[in-house]
Each structure stands twice: as C-alpha cells, then as structure tokens.
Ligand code: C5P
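Below you will find one chain, with nothing else, as structure tokens; this is the form predicted on its own, and questions on how it binds or moves follow later.
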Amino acid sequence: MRRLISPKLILALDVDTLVKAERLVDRLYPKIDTFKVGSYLFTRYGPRVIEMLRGKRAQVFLDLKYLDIPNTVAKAVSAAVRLKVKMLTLHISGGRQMLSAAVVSAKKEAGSGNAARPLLIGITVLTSQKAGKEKVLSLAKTGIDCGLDGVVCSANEAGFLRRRIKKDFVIVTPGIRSSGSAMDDQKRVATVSQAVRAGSNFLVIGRPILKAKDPLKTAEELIGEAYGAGDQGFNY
C-alpha cells in the first residue's frame, strides 16, 4: 500500500509564550508550513494562537487529544472545524460512540460551508508510554473503522500498521529525533529517515529544532532527510 501524502515535517510549538511561537513561525515559514498547537499554548492563549498562525498563512495541527463523552467531543470538534485547523487529535480509547460522534460533527460543520473538514487523527498510545504492537493495531483499526482519517503512532508501529490494515490512512509520528540526539521523556523515538521508511506521513518534531542554534538550518537538514528517505522506498 502506498503512502497517501508525501512525508512532511510539522513543528511542535512547545514554547512558553505567544511571542516565542510567532518568532519561530516567522523564521521557519514557509520551509515548515504546518505547526502543532498543544494543550499548554492553547490553554494559555486560546484561539489567538490559531489566529496568529492562520494570519501568516500557516497550517494548524490542533493537538488537544479530545477525550470525553460523545456529545462534548462532538461540540469540541465542531468548534475546531470553525477555527479552520488542518488536523486535530482525539483519543481512540474514548470508544466508538465518541469517535463516530466526532466524525459526524466534523462532516456536518464542514458541510455548512464555514470551513473545510480537517483530518481527524486518533491517538493510539502516547510515545512517552510503552506499548505492544497488537494493542496499537487494535486501537488503530477501531479508529479507522469509525471514520477517522488516520492515527498517531511511533515509527516502531507505522510499518506494522501499514501491513496489517488494508485501507488508506494517514500516519502521524511524534517523537522524531535527529541522529544521536537525546530521547528526553519519550520512550519510542525514531529519526526522520526511520519514520519515513516505516510509512509515516507527518513527522512531528519539537526539541531538535526548538533547541537548535540555527532552527532554520536544522529544519532544512531534516526536510532533506525526509525527502531522501522517501526516494529510497518504504520498508512496510
């Protein structure tokens, strides 16, 4: 099965302030054009973060990992669609009713003409946790069966999922590291080339770029690594 989308880097805006986030976007866009907004930045600044990114024509990966009763998640997803994000996350462990409600809500809100439907990406197991491949596979199958567009998983499971799930779906892989860099608080990490060769579509990178002396140069090197790995074919 071929990958649906060429490998693409997403920068995790895991910084303390909106000012720092904006400076990074100014420095890296359009070399990187999609930025992940997580719970800290969104809790502190709310939709202002997304408005800043969209004002600079950047794409938004809203990573709030929704997990609640179906009605609450459906309303949250509807609100996220109105914010015109490109992608959003929700926990597959929330169950089929929650996932189905989210899918219906996203389609309905997008159908109103206010915004395009974002990619709905299901969290399998966090890369800060250890997990068996069969557990990740079970969660991924549930999410995709319920209508999600893809899943978040480590590169360790990406190729396995590509082989075992006979449908087209998107894989988002966090925990991406430069060769030789520290694992920090992640348990299941990979380099860019490892993730691409395993079948990942979107590679979420934070600290290797955020902590770099020259973030733009580091981003360019990692992007080059992604394209080079993609040209070599896939392992799955």
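Just so it is clear, the structure is predicted and the values come from calculations on it, not from any experiment. Numbers for residues come from their place in the sequence shown, where the first is 1.
Quick note: we don't show the form predicted in complex with this ligand, though the next part is all about it.
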query	finding
This ligand contact in the predicted bound form: residue 204, any heavy atom under 4.5 Å	yes
In the predicted bound form, residue 14 touching this ligand (heavy atom, 4.5 Å)	yes
Interface membership of residue 126, this ligand in the predicted bound form, 4.5 Å heavy atom rule	yes
Partner proximity in the predicted bound form: residue 65 to this ligand, non-hydrogen atom cutoff 4.5 Å	yes
Partner-facing stretch of 194-202, 207-215, 27-35, 52-60, counted where any non-hydrogen atom is within 4.5 angstroms of this ligand in the predicted bound form	207-215
Contact check for 152, 174 and 177 against this ligand in the predicted bound form, heavy atom at 4.5 Å	yes
